[in-house]
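Two versions of one and the same chain are coming, encoded as structure tokens; call them structure 1 and structure 2.
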Structure 1
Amino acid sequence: MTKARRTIIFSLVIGLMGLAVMAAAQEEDLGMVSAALAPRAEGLIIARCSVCHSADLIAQQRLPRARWGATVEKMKHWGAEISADEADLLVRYLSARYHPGAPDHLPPLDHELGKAEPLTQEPEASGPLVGVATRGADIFAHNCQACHGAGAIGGMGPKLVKNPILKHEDLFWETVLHGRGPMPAWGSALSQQDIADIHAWLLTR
């Protein structure tokens, strides 16, 4: 082995070690950011991002922040129902968890999605919820229609009009709050009043 060659390899090794230390520190920071944001962000990904495609399309990306920003912006433009604040939170989360240096196979998220933090803070319940059908139509259109079809006649998800589950309120609430298979959990995205409104509207159909 020539001297020049040895020097090159030596500096490569030193450089690599330096980079490794930096990357490890950075990795730890990013890990903390993504863990802190995960409950809200994962709730949004299930409720808002999984309408048109499954979340595995999102989790396989490894992108720098600018490209996450552009991607979320594009999704919003195409119809993802997220506010500017939610978009911002998602970009922070996605670029912390799915950054270019993240491993191909990430360890699973620690928290259970059912426990995702509510996005809307519930005021303390005062008396029983009364659903308002006229409001429900609009909430349904923005949150459920993509999968359950216009007028709730069915699509990728089952038909909800005249669905026996409407009469089994506990089952209805259980499914909508916590999700089931490909059906997202809405406990983190909608208020109880919103869900009651949808239920009331579905009953009128």
Structure 2
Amino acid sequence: MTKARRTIIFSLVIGLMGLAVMAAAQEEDLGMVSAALAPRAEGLIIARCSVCHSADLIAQQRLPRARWGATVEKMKHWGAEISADEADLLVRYLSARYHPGAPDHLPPLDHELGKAEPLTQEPEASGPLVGVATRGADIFAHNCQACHGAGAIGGMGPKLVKNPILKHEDLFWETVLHGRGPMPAWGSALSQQDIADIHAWLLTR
């Protein structure tokens, strides 16, 4: 066997080992996204990213972790309302699910949203939830303002100030938790206390 041929074979073996290491790393990273947090990441994609483009655009990508990190940072720079914890979760999830070696066809993003849990677990309330309007203002600005406008005066989404839905609390909760028409479901992105706080704030408008 010639020296050149041995060099080529050695390079191929090293390349295959590198691919195996990459695949193992992706699998390990996916394992770090727990069964509860993976659907939460999907919920964040549906709720935050689909404001500007369809989730299918994301699902078509096959990028390494560094590229996903740069993409999430770019979305934040362009105005996506994503906290540091949410950005970290999104990068971990996207790089594990949509890496260069991932299959061409994967289940849709919303196939497990019903199992989602919030990033920070809250203690169970001992009674009915009481919304805190002052807190709801910030939560609304971070999550809802992009569509419903500053101060809830309307935008791409309907005006919520004095909106009749606020008097029908069950319908309000149903809409926020599960979505309605073009509005995505937010049950995997907001805690029940968050929703109660937003509702309380909207009632003061």
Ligand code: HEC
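Remember, predicted model here, so these are calculated numbers, not experimental data. FYI, numbering is relative to structure 1, first residue = 1. Basically, rigid core = biggest C-alpha set you can superpose within 1.5 Å across the two forms.
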| Number assigned to the form predicted in complex with this ligand in this pair | 1
| task | Could you check whether the CA atom of His99 moves 2 Å or more between structures 1 and 2, using the rigid core for the fit? | result | yes
| request: Using a superposition on the rigid core, decide whether the Cα position of Thr134 changes by 2 angstroms or more between structures 1 and 2. | output: no
| said: Aligned on the rigid core, do the two forms place the Cα of Met75 2 Å or more apart, comparing between structures 1 and 2? | reply: no
| task | State the core-superposed CA shift for Asp88 between structures 1 and 2, in Å to one decimal. | result | 4.3
